[in-house]
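Okay, so here's just one chain, in structure tokens, the form predicted alone.
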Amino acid sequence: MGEQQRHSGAEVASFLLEREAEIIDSWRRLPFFDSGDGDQAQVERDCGAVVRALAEAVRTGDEDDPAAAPFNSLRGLFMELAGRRTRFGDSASEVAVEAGRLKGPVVRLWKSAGGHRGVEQTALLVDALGTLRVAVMEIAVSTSAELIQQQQEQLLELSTPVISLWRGILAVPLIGTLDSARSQIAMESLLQAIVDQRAEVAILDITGVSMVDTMVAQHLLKTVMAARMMGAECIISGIRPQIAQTMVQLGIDLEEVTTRAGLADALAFALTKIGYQVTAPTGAIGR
């Protein structure tokens, strides 16, 4: 950084620090700093942290580098602010637009307070504010991606619930399309539930599974074997005629796997497996 640039950066930094209170006053009502809880003291602290980071960036010649220490020091704050706005439904670009609105009040204050200032100083200030926006957008994009991943994981967990049907009997009703991710979550959830509840029988109900191919069948077989290793008998129920035909055509061997046509039949078998006697109520046959 040359002497002239160093001098210009020092002048811009001095302006930012001297006018910190005025800049904070112009920023604290902007949506970007909205804390959502009306804590104006916190908003002012956040605004002040950004002003001081900008001053440090132009003083050290890092006004063009969003990864530089002054901007990196704001990472935690930006993650919180961007995370809050993305949870409210704003996209990363919308967060960046809000961050871009911080520039206007500062530039207006700069122009009104020092008409003698040169083009180089103005450019430094504008560059720093632009880099601030870039830093915010990078973090907003990262936060949005993390939020989407968390939501996907939560949906996967919700789509593969483990249900306790009876003491010692668990069931995992599978619905829709099975892929590697869902199958893995189903296996992990079931095995953990077997340990937690000391289950003796686990039922994998595929009544709602639209299609069974070789990959899906392999996942089911792996789950059955893993459950056995944990000491639980595993039953697959809900194999419809179309799926049975498909599995035969694919050469999938379920000879060593206990299967039942429906969940009710599987539950009746599981109850007898753990020592209960299941009988149909009087007069139920033929109804």
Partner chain sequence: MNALPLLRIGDVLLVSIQTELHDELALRFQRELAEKVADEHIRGVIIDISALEIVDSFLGRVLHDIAATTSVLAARTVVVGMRPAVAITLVELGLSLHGLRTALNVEAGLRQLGIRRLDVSGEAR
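For clarity, every value in this text was computed on a predicted model and none was experimentally measured. Numbering follows the first chain given and starts at 1.
Quick note: we don't show the form predicted in complex with the partner chain, though the next part is all about it.
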**Report entry** The single option of 194, 132, 174, 74 touching the partner chain in the predicted bound form, heavy atom within 4.5 Å
**Finding:** 194
Query raised in the report: Heavy atom within 4.5 Å of the partner chain in the predicted bound form: which of 226, 257, 239, 43?
Result: 226
Query raised in the report: How about residue 200: is it within 4.5 Å of the partner chain in the predicted bound form, going by heavy atoms?
Result: yes
Requested in this report: Answer yes if any heavy atom of residue 222 is within 4.5 Å of a heavy atom of the partner chain in the predicted bound form; otherwise answer no.
Outcome: yes
Query raised in the report: Is residue 231 close to the partner chain in the predicted bound form, meaning a heavy atom pair under 4.5 Å apart or at it?
Result: yes
Query raised in the report: Does the partner chain get within 4.5 angstroms of any non-hydrogen atom of residue 80 in the predicted bound form?
Result: no
Report summary line: Within 4.5 Å of the partner chain in the predicted bound form, heavy atom basis, the matching stretch of 207-215, 184-192, 96-104, 122-130 is 184-192
